[in-house]
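In structure tokens, the next block holds one chain alone, the form predicted alone.
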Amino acid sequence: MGGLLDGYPRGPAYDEMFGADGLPHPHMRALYDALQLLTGEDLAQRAAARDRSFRDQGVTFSHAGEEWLFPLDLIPRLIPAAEWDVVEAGVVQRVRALEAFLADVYGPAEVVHDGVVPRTLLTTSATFCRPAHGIRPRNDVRIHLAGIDLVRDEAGVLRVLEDNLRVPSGMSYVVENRRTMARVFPGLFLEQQVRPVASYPGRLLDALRRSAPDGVNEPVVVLLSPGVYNPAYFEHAFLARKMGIELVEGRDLFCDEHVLYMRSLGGRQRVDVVYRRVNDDFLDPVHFRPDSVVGCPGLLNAARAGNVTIANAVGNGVADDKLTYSYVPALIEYYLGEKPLLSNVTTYRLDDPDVREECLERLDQLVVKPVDGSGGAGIVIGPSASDAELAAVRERVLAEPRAWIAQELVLLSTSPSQRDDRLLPRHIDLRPFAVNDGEQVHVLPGGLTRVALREGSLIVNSSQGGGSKDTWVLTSTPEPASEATGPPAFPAQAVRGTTPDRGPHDDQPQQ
């Protein structure tokens, strides 16, 4: 009987299972041995159990206008403890620097006066929000939840690909993936010492409560969703249920005298913290898009008056603008006086005429991205693009150089992934999530490993047809938590109902 990994084809990318000598990496040996005992039939049975579990729990996402089960690959990605320590420290460092940057650019802008970044970085950014200038949030936290995307290059080095500081998606899938894997592969899971992830919705709620306005001891926290037609609606409902808070839409809220209220059966109820999953442009029609029906008029004025906290803060997009990304190593040194622990992917600023000219000469070798894009939208991967696609992106870069960056192509690492009754290499990335409670930045141990399901594809975003893997951070010190049952930390309250026939259509991308 052959093993599932017999004949596993190795490519030029770094492989998460096998080293250059063809042997499993030391931390992968136990998993490798366990997988070799399985047959294709075993794998099919466990895949069926996974699908039943996801169907029962309604773990779905919207893609191409249809609702799909969120794709979870059965083979986990393992990260040894020592490597995770570096990732965790690097993500914390990055979030601290970006928090300092946001406080600065919406305040004195010393980073501009000191010449670390040009003023045009702010004035030309589509996501710099002038109405947010001067708003100082409670406990000085603007990034309550961050998703920092990492990729491993051909040499095995983890690098930051981009920062997501507005409405990063995926924490719910981390928790659900773990719950399902613990049930589908109970023996495999128990053989490893894996750090738990189930408590992180509670960690996020704690951070939101700590950000409540001064004098509020028992804050009312709500999750503001665009509604059932949003691609990430499952996550909105999941997090609201796990945190025991109300899931609301814009029509459930109103402002009176710069105070935010929620409509309820008992009358108006004051709201202290809004965890919003609505993009800035749609959040408050008084200041942003006047045609928005998914936000709440007057919300930003209530925040400016100090009567409500918006999480993540309005205007965070200027810090995850991909042109700002190219300055983050300098920002870490400027604000923290430290060397970056995680390196960026080599990035070129196309608003520089000399750099632009050089990049345009080798577009077929580079990855070109819009600076305000998310979900993989608008990316052109030079080596796999057609002549027509390269010509089109060249025209767009020349027409608006500030709107684009170019990066050296990173051949993302591969990991064994199920394809019918075989395991084949597929490219992956990693999105660790960080929660900032004002005193400490907590990094979810593992985060969401995203996987490109098509052979050779480097696009891992679920909105572009990608899937996910459970990410196991190994430890020699077991932590008390039951992944199978999840965290009962907060009472599950009834999630505020929404009626599909009244919900607004909305296709805002989630990060």
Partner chain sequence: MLSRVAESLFWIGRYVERAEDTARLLDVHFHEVLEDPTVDEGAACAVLLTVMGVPDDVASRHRDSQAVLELLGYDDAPNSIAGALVAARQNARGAREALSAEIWQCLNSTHNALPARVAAARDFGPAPFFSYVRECAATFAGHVEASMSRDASYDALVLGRSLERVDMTARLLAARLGTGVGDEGWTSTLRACSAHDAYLRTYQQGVDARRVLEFLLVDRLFPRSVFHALCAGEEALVRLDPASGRSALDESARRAIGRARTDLEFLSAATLLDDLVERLHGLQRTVSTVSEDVTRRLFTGSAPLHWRIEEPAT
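Residue numbers count along the first chain shown, from 1. Predicted, not measured: the structure shown is a model, and the values here were computed from it.
The protein also exists as the form predicted together with the partner chain; that form is not presented, and the subsequent description refers to it.
Just to confirm, with a 4.5 Å cut-off on non-hydrogen atoms, which of Q192, T347, T127, N301 contacts the partner chain in the predicted complex? Comparing distances to the partner chain in the predicted complex, the residue within 4.5 Å is N301.
Using a 4.5 Å cut on heavy atoms, which of E246, E88, D281, D351 is close to the partner chain in the predicted complex? Checking each option against the partner chain in the predicted complex, the one that comes within 4.5 Å is E246.
Can G187 be called a contact residue for the partner chain in the predicted complex at 4.5 Å between heavy atoms? Output for G187 is no: heavy atoms all beyond 4.5 Å of the partner chain.
Does the partner chain come within 4.5 Å of any heavy atom of D42 in the predicted complex? Outside the cut-off, so no.
Since only the chain is shown here, I'm wondering whether S264 would be in contact with the partner chain in the predicted complex (any heavy atom pair within 4.5 Å). Flag for S264 set to yes.
In the predicted complex, does D256 have a heavy atom within 4.5 Å of the partner chain? Within the cut-off, so yes.
Going by heavy atoms within 4.5 Å, which of 48-56, 28-36, 445-453, 464-472 lines up against the partner chain in the predicted complex? Selected stretch: 48-56.
At 4.5 Å by heavy atoms, is each residue in S172, Y200 and G373 next to the partner chain in the predicted complex? Heavy-atom distance to the partner chain in the predicted complex: none of the three under 4.5 Å.
Could you list which residues of 209-248 come within 4.5 Å of the partner chain in the predicted complex, counting heavy atoms only? Heavy-atom contacts to the partner chain in the predicted complex: V228, Y233, F234, A237, A240, R241, I245, E246, L247, V248.
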